[in-house]
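Below you'll find only one chain, the form predicted alone, shown as structure tokens.
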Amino acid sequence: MAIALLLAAGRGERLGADRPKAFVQLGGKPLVQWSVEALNALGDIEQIVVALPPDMPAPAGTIGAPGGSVRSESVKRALAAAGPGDPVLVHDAARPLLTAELVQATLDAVSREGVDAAIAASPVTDTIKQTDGEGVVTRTLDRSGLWAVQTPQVFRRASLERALDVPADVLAAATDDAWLVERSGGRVTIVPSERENLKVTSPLDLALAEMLLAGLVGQRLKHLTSF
């Protein structure tokens, strides 16, 4: 059975809130609660471990673990606190619009032969330019093969444990855990996702998430009342 690691230790300074970001209210619930509920909607998730900031309680039905000073350190600590289980799903609590369907798609993808990790991502739609150290454009990248990485990211447990077994400076350099798996020679595959699976970083993101969430809840209620 799979286990899930939910990263909720960030302070969220850019959000300007009076509490850690994962505990800011969205639609009447803390951000982290939306992801907990999406993960609990699947019977394939046996356990949820939440990497937490100091003095914050774990959501009901989850196990708390102290978060680290950097992202991958939080993953490493949460994995150490988890019981047996494979594969391992890692998700940012700052992405509250997670759906059970996306979770299932990433779990299905990592079960394929030869795959070490499966990561949610959306196709890049903007033109991307590379610059030198002085801001001068050196080339325009072909966006047809570019993807904006999201979470969830799902790993074969042995691959993730091997990838995390690196010095602290390497963990600090990792912006996502899939990079660590790539670095150790693992094979990572993309699971197409929607841009609506956004990460809440700023007040504008939070307002957008409120609007998107209102639409999703309305659609679900309409579906339920149509029977």
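Each residue number is its position in the shown sequence, starting from 1. If you're wondering where the values come from, they're calculated on a predicted model, not measured in any experiment.
Note that the form predicted in complex with a small molecule isn't included here; everything after this is about it.
Highlighted residues G12, S74 and A94: every one comes within 4.5 Å of the small molecule in the predicted complex, counting any heavy atom. Interface membership of R187, defined by any non-hydrogen atom within 4.5 Å of the small molecule in the predicted complex, is ruled out.
Put simply, L7 is close to the small molecule in the predicted complex: some heavy atom of it is within 4.5 Å. Proximity of G68 to the small molecule in the predicted complex: non-hydrogen atoms within 4.5 Å are present. Not displayed here, the small molecule is kept clear of R162 by more than 4.5 Å at the level of heavy atoms in the predicted complex.
Only one of 140-148, 85-93, 103-111, 122-130 places residue heavy atoms within 4.5 angstroms of the small molecule in the predicted complex, namely 85-93.
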